[in-house]
Structure formats: structure tokens, C-alpha cells
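Listed next as C-alpha cells is one chain, alone, in the form predicted on its own.
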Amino acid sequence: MRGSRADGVDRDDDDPFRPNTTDDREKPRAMRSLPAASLSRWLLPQRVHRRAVSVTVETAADAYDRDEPVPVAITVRNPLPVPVTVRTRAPVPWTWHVDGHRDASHVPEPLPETDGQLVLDRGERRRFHRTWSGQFKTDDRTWAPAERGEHTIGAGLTVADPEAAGVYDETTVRIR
């Protein structure tokens, strides 16, 4: 078929630099990619997904003045060559705390009671930044400065016992 112009395009089956007839384009030319995230969810047990993920907490310095904000970097990483999905107890996949007080608050709002999940692609690393003001929220409107001394800043996924599951980390800073 030479020069068919039914759809406004010059087509020629014999010329490799011109498109073929429209009937030839309906045949599949390549296999579609596999849904790797779904396959890894079905084939790998949940404990493997959870063990693959690591959480690290870092601060820029070890000591800060009493009125100085403390920048905190939380890194969640999947080193595996396959995607992982970790089921969480809340739609919020991770939380951070200072001295055991979530979000540096003595009156934290409760997390929603619906399950969620954290999905990390193969080799993916996510980095989150928070800043602790060096104060603790004591009620809805009042913040009190932290005492001088050492304070522990930690972060973990919202799973049952994140420390035992290996999806938790903490660091210590000194307030002077």
C-alpha cells in the first residue's frame, strides 16, 4: 500500500522512514512493565518490608544554647532493590519526639485510629526536616524552655513498638 492518506499521514509499508498502515500499529510491540510495588507486597512478608527500612535522626551539632532552635533531620531509607510497603497504625507514617514527648509537647493531639502505610520505592531515601524550638508545650497556649542538660530527640515509624521493629532512631543534644 503506497501513499494512503486516509488519516492525513503519508504511509508506506516498504519505506522504513514512513509510518506503516494503521492496522499494523494495533499489534503489541513490547511487554508492559510489571507492577513491582504490588509484586513485592504479595511476595515478600511484611516483616521483610519492615526490616528493610531504616530510620536515622541527626542534628547539626551536639550542643545548643538555651534559646537556639535545634534543626533535626530524619531520614527514612529502603536499601532493597525492590519497593517496600510498611503498614502503620496511623495515616501519619512516622512521628518524632523530645524526651518521650511527641512533637515536644506534653499535650499532643492523638493520632487518628485508622491504619496507613509507608511506601518506599527501590533504593528510595526520604529526608524530613523539623526544628525543635528548645521548648516544651505544657498546655494549649504555653511553652516552657527546656532545662539545661541532655535531651533525647527520637523518631520512628508508627508501628507497634518501633524500637523493637528496628524502625526507630534517636540522638542526644545538650542544652547549655
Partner chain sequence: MAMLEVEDLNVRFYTEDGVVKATNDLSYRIEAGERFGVVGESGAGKSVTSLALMRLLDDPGVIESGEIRFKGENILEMSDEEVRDLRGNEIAMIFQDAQTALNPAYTVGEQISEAIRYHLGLGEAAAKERAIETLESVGIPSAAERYTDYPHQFSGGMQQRAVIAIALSCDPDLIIADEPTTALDVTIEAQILDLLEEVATEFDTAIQLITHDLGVVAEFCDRVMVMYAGHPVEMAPVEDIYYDPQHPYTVGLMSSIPRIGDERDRLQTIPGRMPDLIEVPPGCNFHPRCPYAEEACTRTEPELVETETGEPADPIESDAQVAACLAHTGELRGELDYEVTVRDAGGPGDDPAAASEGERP
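Positions refer to the first chain, counted from 1. None of these values were measured; they are calculated from a predicted model.
Not on display, but discussed next: the form predicted in complex with the partner chain.
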Task: Heavy atom within 4.5 Å of the partner chain in the model of the complex - the one residue of G116, P69, G123, P145 that qualifies - done: P145
Task: Partner contact for Q135 in the model of the complex: the partner chain, 4.5 angstroms, heavy atom - done: yes
- [ ] With heavy atoms only and a cut-off of 4.5 Å, decide whether A73 touches the partner chain in the model of the complex.
- [x] no
- [ ] Would you check, heavy atoms only and a 4.5 Å threshold, whether R130 touches the partner chain in the model of the complex?
- [x] yes
Task: Partner proximity in the model of the complex: L111 to the partner chain, non-hydrogen atom cutoff 4.5 Å - done: yes
Task: Sequence-ordered list of residues in 83-106 near the partner chain in the model of the complex, where near means a heavy atom within 4.5 Å - done: P91, V92, P93, W94
